[in-house]
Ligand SMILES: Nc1ncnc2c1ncn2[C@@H]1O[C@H](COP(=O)(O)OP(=O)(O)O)[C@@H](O)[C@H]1O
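As a starting point, one isolated chain is supplied in structure tokens, in the form predicted on its own.
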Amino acid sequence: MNKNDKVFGLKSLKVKYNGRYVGTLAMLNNGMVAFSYEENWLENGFSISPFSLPLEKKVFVPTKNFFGGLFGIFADSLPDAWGRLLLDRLLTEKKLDKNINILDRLAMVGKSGMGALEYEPDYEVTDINTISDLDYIAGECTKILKTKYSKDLDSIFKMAGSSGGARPKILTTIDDENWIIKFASQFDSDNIGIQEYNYSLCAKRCGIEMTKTHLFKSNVCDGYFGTVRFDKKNGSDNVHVATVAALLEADFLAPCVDYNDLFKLTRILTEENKNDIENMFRRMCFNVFAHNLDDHVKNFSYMYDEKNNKWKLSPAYDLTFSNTYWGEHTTSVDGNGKNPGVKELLSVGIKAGLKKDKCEYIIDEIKINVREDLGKYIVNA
């Protein structure tokens, strides 16, 4: 559809998965958005959100309103924080911000969202070319954060896609690989890029599964952190991904789960996959020792393997030094969010079915690695 032909205030929207028709979203009078699977998908598809949207012939209506009336799996497609800020400013600049509803926002995501879900009609907001100079992009991101203005707002928006998180970022392709490249927010230090890169190297040393990471060169700072997207496969379909927030219909803006809950979810969803259970344990330990307090439910995801009809834990992401304004982990560790330690880590691991000696070995390994590699960042935490 031509961007000038848009009619805002959509009442319904088709949901697709790599081009296949999954079902329909429909706006209700109370502002909630119902969903129903298409007949052929019921026969040949899979549940896109196992707990909220089982593969059944019925109309599903959300019972929680954390996601603007949507089920969490569709809210995962929307940009949040930085991406939403860009979209709101772009709509205001183009005088398109009147009568926009949540289905219109999904239509603006169209085929460009994270994961494999797509939306029809697909509303193109801009068709401006992209920019390749990372230092220039970083400067324009700073302008947008400080002044709400950039002469290249259209391009920055297009490159941001539907990415989540608070920090400015772009989605781009380099040497046939799909990358997310991050820039500093107004609350970050100039070395945030190299810091997150060092965190990624340490996480991999700790046995945590991550995609390829890289520190992209800069003439104005230590570099920009980049990571290869795990929802994209070169030459094949996109991967269906669901965050814990989506799967549990949980409010990621507030503390709402414990790591015990994440292990329970992992065990159920992956059918007791030992590698995923151990990797979740390693991430929990890393977040505790590396002072990553922003371990909220959108920072853990699972991927669906359609060929084998299985879910698995996604590679880790957003592992870096972080605080919360209340000074505690967003996801508590055996009930302790303020100062969890070995006692709590062991308790969670053993409850998850891991052997005590294995847990102790992993705890010691990660504690030593973090102290050696990241001590300069957490010394005053």
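From 1 onward, residues are counted along the sequence shown. Every value quoted in this text rests on a predicted model; they were computed, and no experiment measured them.
We do not show the form predicted in complex with the named molecule, though everything after this point is about it.
- Figure note: of the listed segments 277 to 285, 292 to 300, 258 to 266, 147 to 155, the one touching the named molecule in the predicted bound form, with heavy atoms no more than 4.5 Å away, is 292 to 300.
- Of the listed positions (Asn191, Ser218, Thr211, Asn101), a single one reaches within 4.5 angstroms of the named molecule by any non-hydrogen atom in the predicted bound form, namely Thr211.
- Checked against the named molecule in the predicted bound form, the candidates Trp41, Tyr317, Phe51, Phe321 yield a single residue with a heavy atom inside 4.5 Å, and that residue is Tyr317.
- Interface residue remark: Thr227 is counted as part of the site for the named molecule in the predicted bound form, having a heavy atom within 4.5 Å.
- A residue is said to contact a partner when one of its heavy atoms sits within 4.5 Å of a partner heavy atom; Leu96 fails this definition for the named molecule in the predicted bound form, lying far away.
- Looking at Arg89, you'd find every heavy atom of it more than 4.5 angstroms from the named molecule in the predicted bound form.
- Looking at Ile131, you'd find every heavy atom of it more than 4.5 angstroms from the named molecule in the predicted bound form.
- The partner is not shown here, but in the predicted bound form the stretch 167 to 194 reaches within 4.5 angstroms of the named molecule through a heavy atom at Arg167, Lys169, Ile180, Lys182.
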